[in-house]
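In the form predicted alone, a lone chain appears below as structure tokens.
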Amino acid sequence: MNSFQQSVVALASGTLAGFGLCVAQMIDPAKVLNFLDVSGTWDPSLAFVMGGGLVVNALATPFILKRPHPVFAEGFQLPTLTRVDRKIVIGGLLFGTGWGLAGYCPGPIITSVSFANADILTLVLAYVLGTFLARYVLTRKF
């Protein structure tokens, strides 16, 4: 498969994922914040979205990994780390804090760029800068 074909498959996959985020209303920060507000106006509907994704993944992954390689790639890219370390814990805490403050995680942020309002663009800029800052910090020895 050439790079153009890979780009078309990536675009189609991203579009489908973005459509799924829209249908699940995960691009609505109020919906996400209500899901996280378990002691107030809790909305459990996103738990069903995430649970559905986990069930599909748990059922499909064993069958997918039996293949010699993915349909549109030369090989699988699986994580090699098998233990929970400090980076995973700190990253999870930062991710959860950002998600709770903004009401967006990275996928819905990118999907919401289509709204092109100042809040979304500021959030995308903060996400990009945070990503570069994290990479910079992780390359330093403390």
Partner chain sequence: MTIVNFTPWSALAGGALIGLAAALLLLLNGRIAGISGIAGGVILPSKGDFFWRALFVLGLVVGGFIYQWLGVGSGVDHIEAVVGRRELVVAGLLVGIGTTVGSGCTSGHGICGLARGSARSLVATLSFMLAGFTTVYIMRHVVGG
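Positions refer to the first chain, counted from 1. The model shown is predicted, which means the values in this text are computed figures rather than measured ones.
This next part talks about the form predicted in complex with its partner chain, which is not shown.
*Asks:* Would G75 count as a contact of its partner chain in the model of the complex, using a 4.5 angstroms cut-off between non-hydrogen atoms?
*Replies:* It does: once its partner chain is placed as it appears in the model of the complex, G75 has a heavy atom within 4.5 Å of it.
*Asks:* At the 4.5 Å heavy atom threshold, is G92 in contact with its partner chain in the model of the complex?
*Replies:* Contact check for G92: yes, within 4.5 Å of its partner chain in the model of the complex.
*Asks:* Even though its partner chain is not shown here, does G40 get within 4.5 Å of it in the model of the complex, heavy atoms only?
*Replies:* Taking the distances in the model of the complex, the answer for G40 is yes, it comes within 4.5 Å of its partner chain.
*Asks:* Taking heavy atoms and a 4.5 Å cut-off, does P44 contact its partner chain in the model of the complex?
*Replies:* P44: yes, in contact with its partner chain in the model of the complex.
*Asks:* Hey, which residues along 90-113 are within 4.5 angstroms of its partner chain in the model of the complex, non-hydrogen atoms only?
*Replies:* Heavy-atom contacts within 4.5 Å come from G91, G92, L93, L94, F95, G96, T97, G98, W99, G100, L101, A102, Y104, C105, P106, G107, I109, I110, T111, V113.
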